[in-house]
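In structure tokens, one chain follows: the form predicted alone.
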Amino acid sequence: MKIIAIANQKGGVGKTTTAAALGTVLSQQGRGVHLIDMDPQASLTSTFGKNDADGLLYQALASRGPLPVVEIADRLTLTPSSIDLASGEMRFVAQAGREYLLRTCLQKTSLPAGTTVIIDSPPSLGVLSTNTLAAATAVVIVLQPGGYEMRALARFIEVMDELKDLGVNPTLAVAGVILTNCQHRRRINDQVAQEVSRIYPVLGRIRAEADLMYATTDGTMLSLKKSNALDDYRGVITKLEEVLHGD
């Protein structure tokens, strides 16, 4: 099972849109996909018009039980999130083995063979993000082209190295970087892509597009029929599979 963490501790870079788009496109291609929303803001959950009114994800993590699984489309399921995770994170800090709560829950969750798991991580470097990285077999980093984003990337790499050195997930690897919200004819896109490519593969550039942004905010992602940005994500999937297959 491939477990892909969509990560960056900086907010507003397009992690949730990326998780939703990759899940949608993969399921439309006939792949089984399970999305996990590990962000207390629950943006990925609302993208598909769902909610976790009973705080079932928090309860699963707290009890180390199986994750809730909600069907949202053919071959596409979701573990929804809620604000309960925010208070839960403070409680998790004091628990032994707190880094492995999500991994343990995922191992107890019944999913069809061959399912690709995509985890949307919160914009932080706390316990929830650590759980995401501990559970993942690969990480996809999402960046918006800009100077501050490159600093965030450097800090994220430091945290990943620390987790590997501590033995939390020693085999964790970065599959590549996706550049989002790429404006037409902006030189910064090329500059950032060049800098990033010295460290990790650039899996693709996602064009800035209002239609995709509206679809994620009003819960209509699955009904979005035509989108240049989704076409870009299809290209990302091709490149990502090449990288993962090479591993």
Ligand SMILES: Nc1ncnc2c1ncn2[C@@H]1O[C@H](COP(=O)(O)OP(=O)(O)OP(=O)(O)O)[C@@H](O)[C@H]1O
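Because the structure is predicted, anything quoted here is derived from the model rather than measured. From 1 onward, residues are counted along the sequence shown.
Omitted here: the form predicted together with the ligand. The next part is about that form.
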(request) Give a yes or no for G146: in the predicted complex, does one of its heavy atoms lie within 4.5 Å of a heavy atom belonging to the ligand? (result) no
(request) Would you please decide whether G235 lies within 4.5 angstroms of the ligand in the predicted complex, comparing each non-hydrogen atom pair? (result) no
(request) Spell out, yes or no, whether the shortest heavy atom distance between R207 and the ligand in the predicted complex is within 4.5 Å. (result) yes
(message) Can you work out whether P123 and the ligand are in contact in the predicted complex, taking contact to mean some heavy atom pair no more than 4.5 Å apart?
(response) yes
(message) Is it true that G12, K15 and Q41, all three, sit within 4.5 Å of the ligand in the predicted complex, judged by heavy atoms?
(response) yes
(message) Only one of L57, V192, L212, L203 gets a heavy atom within 4.5 Å of the ligand in the predicted complex. Which one?
(response) L212
(request) Sort through 33 to 41, 194 to 202, 48 to 56, 62 to 70 and report the only stretch with a non-hydrogen atom within 4.5 Å of the ligand in the predicted complex. (result) 33 to 41
